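Shown next as structure tokens: one chain only, the form predicted alone.
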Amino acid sequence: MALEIPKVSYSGKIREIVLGKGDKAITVGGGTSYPFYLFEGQMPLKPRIAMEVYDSPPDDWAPTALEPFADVAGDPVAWAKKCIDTYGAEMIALQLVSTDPNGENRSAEEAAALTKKVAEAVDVPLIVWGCNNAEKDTEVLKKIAEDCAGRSLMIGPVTEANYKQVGAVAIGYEHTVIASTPIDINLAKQLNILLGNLGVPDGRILIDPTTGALGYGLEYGYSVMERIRMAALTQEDERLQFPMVCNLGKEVWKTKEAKQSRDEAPKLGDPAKRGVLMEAITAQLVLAAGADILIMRHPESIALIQDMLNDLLAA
């Protein structure tokens, strides 16, 4: 008697969403089963990776993380081009850390001018990520959406505090919003409902469930991502059937373990490999939980994940 493996029946599907424009546009989503459960359903579209670019020279990065970009760290345009030309980046994520009111507090006009330069210099989809201050992000993302009208950016984080203002300009200027909520399935669903009621098309919404790094609350974030996927696929919850994006690179590389030298942490092994592996393992785990887009930092970590994806999704 042949062994029959029990299978879950899925009645839902993750929406397919087009990111960017032109020949380098990318489509994500489309899954009809839990991540990589190819014996039960399909993952027709491979998860994608966006490489980080910072809008100002980072002064607190681990040497291992900075080394690949040391020659371009002061020029975001050159940095973005290096990610594409040297490391084959399929997406870019511009991190607008300098707009933080508690930091450099650069103006919305400065941020928009820089974003436009980067958008004009690259031909891959561009994510624009604010400083996580809702009030300042509202001002900055509105200006960017206007100045980069029609470029199909992905802008975020869009939260309950600013979804009306940012969502409205995203509708008007044809951008995709990244709906960000603090590790809670109900809050994620509610924000998606609010964006839909506002008029943001379903084809322009991505979910940012918020995730931590390996060893820093990742387990809780993982379980929330799992629940989002379960509700989307087995309960046909239409307000959760959106691709998920995880901004994980900065979470991993800000941990003390990723930054400590061999002298500071002699038992943790080679510091040149430690952060790379922490980032790769974190990425692997959020992919298993359902992530469709990863924002990552180190080229070696990205190469490890690309190899894994190619192996798991080989025809």
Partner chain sequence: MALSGIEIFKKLPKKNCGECGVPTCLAFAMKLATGQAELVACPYVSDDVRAAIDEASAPPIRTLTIGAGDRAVKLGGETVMFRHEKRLENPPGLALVLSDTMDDSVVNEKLSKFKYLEFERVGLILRPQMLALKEESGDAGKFAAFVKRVIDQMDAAIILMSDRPEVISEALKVSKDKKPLIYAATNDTAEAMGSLAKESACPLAVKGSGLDEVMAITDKLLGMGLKDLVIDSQPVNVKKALEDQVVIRRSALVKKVKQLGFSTITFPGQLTDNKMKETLIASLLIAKYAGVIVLSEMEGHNVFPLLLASLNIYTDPQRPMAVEEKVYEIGGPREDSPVLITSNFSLTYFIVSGEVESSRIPAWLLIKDTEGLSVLTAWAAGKFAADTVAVFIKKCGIADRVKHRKLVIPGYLAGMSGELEEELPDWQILVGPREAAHLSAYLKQWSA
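Positions refer to the first chain, counted from 1. Keep in mind it's a predicted model, so treat the numbers as computed, not measured.
From this point on, the text means the form predicted in complex with its partner chain, which you will not see here.
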Where does its partner chain sit in the predicted complex: which of 22-30, 248-256, 45-53, 66-74, heavy atoms within 4.5 Å? 248-256
Could you check which residue among 219, 120, 85, 109 gets a heavy atom within 4.5 Å of its partner chain in the predicted complex? 219
Listed residue (295, 305, 17, 14) with a non-hydrogen atom within 4.5 angstroms of its partner chain in the predicted complex: 305
5, 8 and 38 all contacting its partner chain in the predicted complex, non-hydrogen atom within 4.5 Å: yes
Evaluate residue 214 for contact with its partner chain in the predicted complex, applying a 4.5 angstroms cut-off between non-hydrogen atoms, and reply yes or no. yes
Does residue 278 reach its partner chain in the predicted complex, with heavy atoms at most 4.5 Å apart? yes
Please run the contact check for residue 116 against its partner chain in the predicted complex: heavy atoms, 4.5 angstroms, yes or no? no
Partner contact for residue 270 in the predicted complex: its partner chain, 4.5 angstroms, heavy atom: yes
Applying a 4.5 angstroms cut-off on non-hydrogen atoms, the residues of 222-250 near its partner chain in the predicted complex are 222, 223, 226, 227, 230
